[in-house]
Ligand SMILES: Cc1cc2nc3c(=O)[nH]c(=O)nc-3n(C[C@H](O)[C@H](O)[C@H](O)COP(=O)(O)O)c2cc1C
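Only one chain is included here, represented as structure tokens and corresponding to the form predicted alone.
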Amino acid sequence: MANLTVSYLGLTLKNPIIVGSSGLTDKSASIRSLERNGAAAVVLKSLFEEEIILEKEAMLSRMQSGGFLYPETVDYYRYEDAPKETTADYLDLVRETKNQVSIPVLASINCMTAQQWTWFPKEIENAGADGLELNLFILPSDLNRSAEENEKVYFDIVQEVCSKVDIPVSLKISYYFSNLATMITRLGSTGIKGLVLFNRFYSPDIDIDNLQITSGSVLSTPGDLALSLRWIAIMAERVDCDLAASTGIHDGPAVIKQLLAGANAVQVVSAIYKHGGEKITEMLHQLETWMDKHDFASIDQFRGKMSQASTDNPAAFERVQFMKYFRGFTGEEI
């Protein structure tokens, strides 16, 4: 039988499939079920920076401080009866889950500043979490902030958190950077143990009948795989930390592709929402069958085999592939 063991964030995982931060991971009972279906680790549902701050300070003083970047979120939590996850409840979830499962449990904080909440990761560590994932996404839409100012926030947060905890820290980022390869390389050298490519964020849509802003699709589709696959392949073996692939991973072949591209692990969410926890078992079976077919005894034997690590200029390589593909495209392939 093939050995599916991988290393991620310095942790030994029984296979490369991690259930990403979501409503699937907000209760220990659900996480036990995911473990039974084969999940190698879980990332707990994110606690938002705003929730940590609002629990420590009065809302009025926060609104008047001038340092709160998006006061609209206060209105959301205060007036729309949004579900709240207090810090105490979150720490209880960490402790309870660690007592009930044998797989690594990673906490998650969705953050956007390096102020007034960075004391909390140490509490997460003390509660027994095996690691911490920082989900950080700053949409570069503020015309008053430069690209350098937006990017500096990432490094400020990483420096603050990594200086306070001993557990491994990973960073889940978006692809909204003018020089993504350089940014990934720089972040990988900050002391974090892993980068997750990429986070899935709110996408707007428009209701043309009622003239209202609505939400786009929350769940990913198999077609979303291409973006993370490209960047995992480009950055594998070029960054000083582990890489996890996220978004668009809906079956075993998608897992195999990301591993071939160089991912240390993959995060799966939407496929489980759509098909249930049994989808993990199916993915692992597909992975094992493929490995047996190609005589791979372990994942280490093929991980990164299709990465671009040996390519001096990935952009030039992709340009050639683009030309070859579209020169030969006739439309009959559709």
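Throughout, we count residues from 1 along the sequence that is shown. What you see is a predicted model; the values in this text were computed from it and never measured.
What comes next is about the form predicted in complex with this ligand, which is not displayed.
Residue in contact with this ligand in the model of the complex (any heavy atom within 4.5 Å), chosen from 264, 170, 246, 118: 246. Segments offered: 301 to 309, 285 to 293, 30 to 38, 265 to 273. Contacting this ligand in the model of the complex at heavy atom distances within 4.5 Å is 265 to 273.
With respect to this ligand in the model of the complex, the three residues 108, 200 and 218 uniformly fall within 4.5 angstroms at the level of their nearest heavy atom. Although the partner is absent here, residue 15 lies well away from this ligand in the model of the complex, with no heavy atom inside 4.5 Å.
Of the heavy atoms in residue 23, some are within 4.5 Å of this ligand in the model of the complex.
Within 4.5 Å of any heavy atom of this ligand in the model of the complex lies no heavy atom of residue 97.
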